[in-house]
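The data below hold one chain only, encoded as structure tokens and taken in the form predicted alone.
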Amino acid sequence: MKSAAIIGVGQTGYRRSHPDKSSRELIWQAARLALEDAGVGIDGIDVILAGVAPDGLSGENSVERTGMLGRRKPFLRVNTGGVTGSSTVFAALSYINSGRAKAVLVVGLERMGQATSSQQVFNTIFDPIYEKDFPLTTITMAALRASMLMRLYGYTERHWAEIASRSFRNALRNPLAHLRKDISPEDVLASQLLAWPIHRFEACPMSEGACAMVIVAPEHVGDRRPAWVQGAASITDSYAMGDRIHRPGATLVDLLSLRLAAGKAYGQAGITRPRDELRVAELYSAFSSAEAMAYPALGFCAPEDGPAFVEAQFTDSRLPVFNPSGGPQGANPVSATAMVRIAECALQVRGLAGERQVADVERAVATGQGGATQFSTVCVLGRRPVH
């Protein structure tokens, strides 16, 4: 993979809905902030890519149409479910790596607050034939996996509550977050039980908002402070969850697609010891228990060491910092969330994350998860290009 760098980041605030703003206003606000951060005007952009969910999630038809900017420039809409945001970034990398563009503006938008059919859309991510007799939803899917993790590796409800509480408290330092609450592990455990062992405060909110970035070829970095894309990979898995329950070497909680994507991205970045070489991890984990599934897939610990790894995060400052922005529990604008993870890593690497800045971030990793984790993306950013 050739070098490319993120030199501009812009985000709106994330809310349950933005009834006072049109889709155009959200797109333009994020894009304007990204262009200002990059120090370029729209005339300096070669291609514009928009990551937007299906219309059934957006609540309006062709939601990106009203926000199109940069007349007479190539424009492409990307939709790959939960990994729409990272797929949009990867499409921009393809434009740059192929030499078809030197500067790309990517925009991710979520307008789910305007829709009435979002949950019905989510319920179609499961196999319509083999899994039709099971009451699967995104919540019961997470509960099934959380209970498997507890049985196989010894996690407890307290572990899920500790992860959720940490994310909420991180979000207090992120002025853009949808939920900014000082929630303790006890508060999490006392919240409504959605489907055992998942409590309400372990689940992500439904959010609206927009994220944008300017991604350029090396010769266009100029005097800007870049976050270099050192590795990027996307892997898919089998559709039916039943195919993954008893699969040798990679069960339903092993996240095979994320592990393979991490292997590719780490290989491009030259990372062999992720626990030591990555300072920040922004993970697309819609439930706190889903974050635990990502630890072994990303090489941070062995599966059976997961519970101890959760506990060590609160005492060992040498470990990577997880979701310093608050992650999806702070805000989850679905079709933009995977892009937000990359944007937050870019801010951390560039030293521009404000109150949520982690000290000495040389490298950071961002993940994306789509469907019933049938799609996984991993993106490694660093202060320096990899040759």
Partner chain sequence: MAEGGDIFIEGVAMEISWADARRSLPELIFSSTTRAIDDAGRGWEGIESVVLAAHDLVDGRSLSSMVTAPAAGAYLRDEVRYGDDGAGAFAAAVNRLEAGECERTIVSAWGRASEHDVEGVSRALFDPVFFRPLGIEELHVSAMNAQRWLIDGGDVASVAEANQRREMMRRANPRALKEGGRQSVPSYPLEASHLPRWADVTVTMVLSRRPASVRLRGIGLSSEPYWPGDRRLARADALRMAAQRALSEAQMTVDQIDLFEVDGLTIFDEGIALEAIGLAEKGGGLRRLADDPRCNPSGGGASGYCAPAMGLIRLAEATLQLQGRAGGNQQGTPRVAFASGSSIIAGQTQTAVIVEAV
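Residue numbers count along the first chain shown, from 1. Since the model is a prediction, treat every value here as computed from it, not as a measurement.
One more form of this protein should be noted, the form predicted in complex with its partner chain, which is absent from this view; the next part is about it.
- The partner is absent here, but in the predicted bound form a heavy atom of Thr124, alone among Gln192, Ser317, Thr272, Thr124, sits within 4.5 Å of its partner chain.
- Between its partner chain and the residues Gly113, Pro197, Gly263, Gly81, the one pair within 4.5 Å by heavy atoms in the predicted bound form involves Gly81.
- Contact check for Arg65, Phe75 and Phe375: all three have a heavy atom within 4.5 Å of its partner chain in the predicted bound form.
- Listed stretches are 272-280, 308-316, 231-239, 168-176; the contact stretch with its partner chain in the predicted bound form is 231-239, by a heavy atom cutoff of 4.5 Å.
- Mapping the unseen interface onto this chain, Lys181 falls outside it, with no heavy atom inside 4.5 Å of its partner chain in the predicted bound form.
- Although the partner is absent from this view, Gly39 stays clear of its partner chain in the predicted bound form, with no non-hydrogen atom inside 4.5 angstroms.
- When its partner chain is considered in the predicted bound form, Gly70 lines it closely, a heavy atom lying within 4.5 Å.
- In the predicted bound form, its partner chain sits beyond 4.5 Å of every heavy atom of Arg16.
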